[in-house]
Ligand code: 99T
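Here we start with a single chain on its own, the form predicted on its own, put down as structure tokens.
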Amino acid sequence: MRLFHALASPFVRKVVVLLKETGQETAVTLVPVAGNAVDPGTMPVAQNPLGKIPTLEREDGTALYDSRVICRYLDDRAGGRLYPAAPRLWETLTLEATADGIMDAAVLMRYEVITRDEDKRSAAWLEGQWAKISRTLDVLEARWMSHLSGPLDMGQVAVGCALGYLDFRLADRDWRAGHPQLADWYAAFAARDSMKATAPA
């Protein structure tokens, strides 16, 4: 299998962390690509008409895309380690979607800066995206700490990758302020071998 990727992407990082946590690293070849909505560059448009990453090309040439789809497929291939049985499954999926929402908003903030000249950037747009992230961080702190502290699942992986991306691209926003439990959880989670090996740089 081939995974079209850019390691700075938090969505790609989710997949690579899952590969490491489930012992499937040797089953997938990483294919680096680069591009964006303005210039698709080397993005895998032949495999994924949306031209987005991650995209996983399987042995038969068919492709899966969207990180949640890829993660479910790879986890199923490994015996279902990171998506627990219901009823916890619904919380895991909701937490993963919540973390993906943080990533979506943070990536949009990044693109606003790198694809627009400074005089064309929208401060209101940037602050609107950050407001989504800020609200979500508050909910993680208030509602999700018990789940985050439980057995390893894909919801935790997604949150870890989302927070890592905030550190990587939006460190000046100081997401830890007002979220001491989440900050403590992340400090421990980020020390996992799979997270250290995939830290963006």
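Just so we're clear, the structure is a prediction, and the values are computed from it rather than from any experiment. Quick note: we count residues from 1 along the sequence shown, nothing fancier.
Keep in mind that the form predicted in complex with this ligand is not shown, yet the notes after this line are about it.
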Every residue of 139, 156 and 186 near this ligand in the model of the complex, heavy atom within 4.5 Å: no
Options 33-41, 128-136, 156-164, 143-151; stretch whose heavy atom lies within 4.5 Å of this ligand in the model of the complex: 33-41
This ligand: the contacting residue among 81, 110, 121, 88 in the model of the complex [heavy atom, 4.5 Å]: 110
Contact flag, residue 8 vs this ligand in the model of the complex, heavy atom cut 4.5 Å: yes
Contact test in the model of the complex: residue 169 vs this ligand, heavy atoms, 4.5 Å: yes
